[in-house]
Each structure stands twice: as C-alpha cells, then as structure tokens.
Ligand code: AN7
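Let's start with one chain on its own, the form predicted alone, as structure tokens.
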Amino acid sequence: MLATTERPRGVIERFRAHLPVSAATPVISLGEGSTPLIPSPRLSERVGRDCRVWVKYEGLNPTCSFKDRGMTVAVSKAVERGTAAVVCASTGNTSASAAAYAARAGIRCAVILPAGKIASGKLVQAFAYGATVVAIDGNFDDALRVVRELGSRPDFTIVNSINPDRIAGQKSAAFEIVEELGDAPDIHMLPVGNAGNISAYWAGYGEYSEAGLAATRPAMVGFQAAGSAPIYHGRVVEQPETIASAIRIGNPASWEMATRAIRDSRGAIDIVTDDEILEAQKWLASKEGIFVEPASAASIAGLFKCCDPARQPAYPFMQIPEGSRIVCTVTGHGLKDPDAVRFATATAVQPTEADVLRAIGF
C-alpha cells in the first residue's frame, strides 16, 4: 500500500484555541498556513556576527501571499454572520485572497482597485476566482474610503485588515515561527504597507509569551518603500509611488497599531529605495532560491541596509547584536508581479553543442 502524506491543516484547525471562532463557525479553508521557515545560510553569512537568518516564505500560501491567513478567519466569520458578500480595497493580494475564499464559501466578492496600479498576476487571480472587480480613478486610500462606506451596509462584510478577524488569522505566522524555533527570534523584519501584518505578528508573539509558550519577544522592524513611507515620515503621503505595488499605501489603516508594536517591541521603522528592493529581490532569488514579489523584498533590502558597514555610523538605532536570530517575512510569491523583475533577455544561438557551450560560458 502506498504511503500517504497528511494534508496540512489550515490556520483555524491548527490554532483554533487562539482565534475568535467557535463550534458554530463554519470553517472556510484552502489549507493555508504551515509555510516554510527557511534557514538562509548566505543571508546569515552576509549579516555576519555569528547571526542566523530564516526566511518565512508566505508566498506558498494557497493564493501565494500571507493574506490567506487572515482571510480564512474573516470569511469564516462573515459566513457565520450570514453576510451576502465580502468587499475589500486592494493593491492586489487582498483581492486575490478575498476572491478565492469567497468562491470557496459560495458567496459574492467585490474588490475595489486603483486603476492601472495592480500587478498583472494579482489582477488575473481576482477575475479567475469570480470576483466583481471595480477600478477607480484614485489610489488605494481612495478605494479603502469607498469600502468603509460600503461596509456600513448590512449585506457587506469588509475583509481588509481593519477587520479584526483578519489580524487574528495573520498572527498565526508568529505561532508557527515560535513552534519551529522553540522560541521567538531576537529580531523580526518585514515589509510595511497597510501595516496590519507587523501588528499581527506582534500580537501573536505577545499571546504566545503570555501563555508561557515563548520566553522572549522580538524587536519588530518594518520597512516601507521610500516613495510610500507615511509611518517613517509621520505624515500621510497623498500620492504614494513605488514599484513595490503591495506596499504602495499612503495612509495605512493599521498605522496606530503598527506604531505601538514598533514602540513596545523596541523595534524600528525605516525606508528602502526601489533600487534596493529590486536588487534584494534578485539577490534572494539567485543566492537562496527564494523568488518573491518586490514588496516582499523590502524586508531583505532592509536587512542589507542594517548590516552595511558603510551605513552603521549613521544608523545606530538598528545595530544587529552578535549572535542574533533574525526572521525576515517575505509576503508574496514572485510570480505575483512578474513584470517588475529585472532580467536579461535570452539571445537565440545555433542548435549545436559548441554554440550552446559558448553561450553558457564553458
């Protein structure tokens, strides 16, 4: 008889005791969570100081981003309440996730998107899963304002991170890290866009610490794109611009919670440029075999910035202590935004061994 591999349990089944669900909650799941925490030797070598780095690869969730963790809880609770439709504003990943889980639940999904600002891989997902897609002449913040207005109607449930059920599901990633490492890391780095994820991780680490399941809590370090950095600058960015579309947000919905998480964890918020993001994306793929979308690479670009000797004198707030255990969350798969990838075009050669050998440098 052939051996079988048990299908990974979804977030609700695995962490039910830590989530706002009951026996009456219908579980809408696609087997999300249980994503790999990948030891990264070349990243560790680059940081030095006897530090160890792991990458939490959230691009291996069902719709290829971290959003699925919160969406399983948000949609399950929406179905429990008898909602007719879920609605969200999105820079792409939320729309894909909401559409997939709504399809799984058999309810309608409407997504409000800024016209011309969504990566092709994400837009295709929203349509494929059957969502009603409405593009507006505005940015994400305009879309979220409209969604808030729609959310006041009894037939809609908002599934953006302003919904606490979303944050509750996303904190499960922190639970997984603690369970795999045996404790919380010393430093946790991640991209910051709408700022729900950094808040969710901090909540998860806190919950496991209070339950006696973790002895420590990490410093939470977030990185925004330089052209879309409201928390870093302390002011709303009216026209945010960055190639990292998933974090192109000028007025984060979870701004206050994220600021609290950074402060309480003795962490930091900083910025990385688009060039730094794209270079980090390329480096991570070519050196560690992990392909992520540009927004995800913000955490890697931030790590490089922290350990760059040339920056250290002017960068005292984020000195990495010797022997630190560091986790970098990468939030979405690289195929989410293939048009952003910088690569050389292959040139055709004659179909001979000699020509091919020359082409590959042998």
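Computed from a prediction, not measured in an experiment: that's the story for all the values here. The numbering used is simple: start at 1 and walk along the sequence shown.
This protein has a second form, the form predicted together with this ligand, left out of what is shown; the following refers to that one.
Q: Could you tell me if all three of 184, 188 and 300 have a heavy atom no more than 4.5 Å from this ligand in the predicted complex?
A: No, the candidate spot makes no contact with this ligand.
Q | this ligand contact in the predicted complex: residue 281, any heavy atom under 4.5 Å | A | Judged by the heavy-atom cut-off of 4.5 Å, residue 281 is well away from this ligand in the predicted complex.
Q) Looking at the partner-bound form in the predicted complex, is residue 197 within 4.5 Å of this ligand by any heavy atom? A) Yes, residue 197 lies within 4.5 Å of this ligand in the predicted complex.
Q | residue 293: touches this ligand in the predicted complex, heavy atom cutoff 4.5 angstroms | A | Yes.
Q: May I ask you to state whether residue 94 is within 4.5 Å of this ligand in the predicted complex, using heavy atom distances?
A: Although this ligand is absent here, residue 94 would touch it in the predicted complex, with heavy atoms inside 4.5 Å.
Q) What is the one choice in 102, 111, 192, 73 with a heavy atom within 4.5 Å of this ligand in the predicted complex? A) Among 102, 111, 192, 73, a heavy atom within 4.5 Å of this ligand in the predicted complex occurs only for 192.
Q) this ligand isn't shown here, but in the predicted complex which of 214, 249, 126, 173 has a heavy atom within 4.5 Å of it? A) Selected option: 249.
Q: Spot the stretch among 29-37, 64-72, 44-52, 300-308 with residues whose non-hydrogen atoms come within 4.5 Å of this ligand in the predicted complex.
A: Looking at the other structure, the answer is 64-72.
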